[in-house]
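Read the single chain below, which is given as structure tokens and is the form predicted alone.
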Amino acid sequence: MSMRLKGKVALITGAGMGMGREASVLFAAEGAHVVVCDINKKAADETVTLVEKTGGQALAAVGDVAIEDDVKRMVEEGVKRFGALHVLYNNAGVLWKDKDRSVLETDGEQWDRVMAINLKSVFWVTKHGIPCLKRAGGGSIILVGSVSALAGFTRAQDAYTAAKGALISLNKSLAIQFAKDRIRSNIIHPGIVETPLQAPYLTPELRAEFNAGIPLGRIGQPRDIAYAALFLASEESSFMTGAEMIVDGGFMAQ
């Protein structure tokens, strides 16, 4: 590894599995200390173990990203352990295809919970994390949007889509507000990615449909998104802010 994140501390939400776990291991291999945030303690501990097996350092910070007090505490735990924060990777998100559907079918409680995890969590992480980035002399904020925010789909998932769309506007606001503090904010729009959360929905029929509809001919893997996040976390993207990075195998280019 080229140690592209040497000396940096990265806080990653939803790091107990899927894209967050993959990013945690990759960031650590590239020299970062990682604050592994997840609501599931067992999953967070497993990610820390994987990081440590590669020689990296990580801390499991357990809490609900939709709750301000939990986020504030997780940020404080990370700073106490590693001394600073340089990267806020807002990876946590949920897409419950069986419950999040059209506005005609989704109930208010479900809508609010999806919004809380996918959108309000970013509010709390940036609210409490940006002061740490300022003290560190700058840093990188990474948001995770979705191609669902860029195009309409017949399989509606309207709470998820609305939350991810809001992140596009928030990303631009953060980028402009904090550029003077040498803090950058960018958003990744993944296409379909095979994560533990999505795997139960990927029937053989759906897999065939996705593979046929993606120009590169395959569903994305967590490492595909982790590498995009690595670039945004590193100094290689130091002249990039307020931008949207689409990582979808060419789906949106059609």
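A quick note: this is a predicted structure, and the numbers were derived from the prediction, not measured. Don't overthink the numbering: it's just position in the shown sequence, from 1.
Although not depicted, the form predicted together with a small molecule is the subject of the following passage.
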| query | finding |
| --- | --- |
| Contact residue in the predicted complex, chosen from Val114, Leu174, Val125, Ala92 - any heavy atom within 4.5 Å of the small molecule | Ala92 |
| One residue of Asp45, Glu30, Asp224, Asp64 in contact with the small molecule, assessed in the predicted complex (non-hydrogen atom, 4.5 angstroms) | Asp64 |
| Candidate spot Leu11, Gly139 and Ser185, all three touching the small molecule in the predicted complex (heavy atom, 4.5 Å) | no |
| Stretch in contact in the predicted complex with the small molecule, which is absent here, among 125-133, 76-84, 139-147, 102-110 (heavy atoms within 4.5 Å) | 139-147 |
| Gly213, heavy atom within 4.5 angstroms of the small molecule in the predicted complex | no |
| Heavy atom of Met19 within 4.5 Å of the small molecule in the predicted complex | yes |
| Touches the small molecule in the predicted complex: Gln57 (any heavy atom, 4.5 Å) | no |
| Contact test in the predicted complex: Leu197 vs the small molecule, heavy atoms, 4.5 Å | yes |
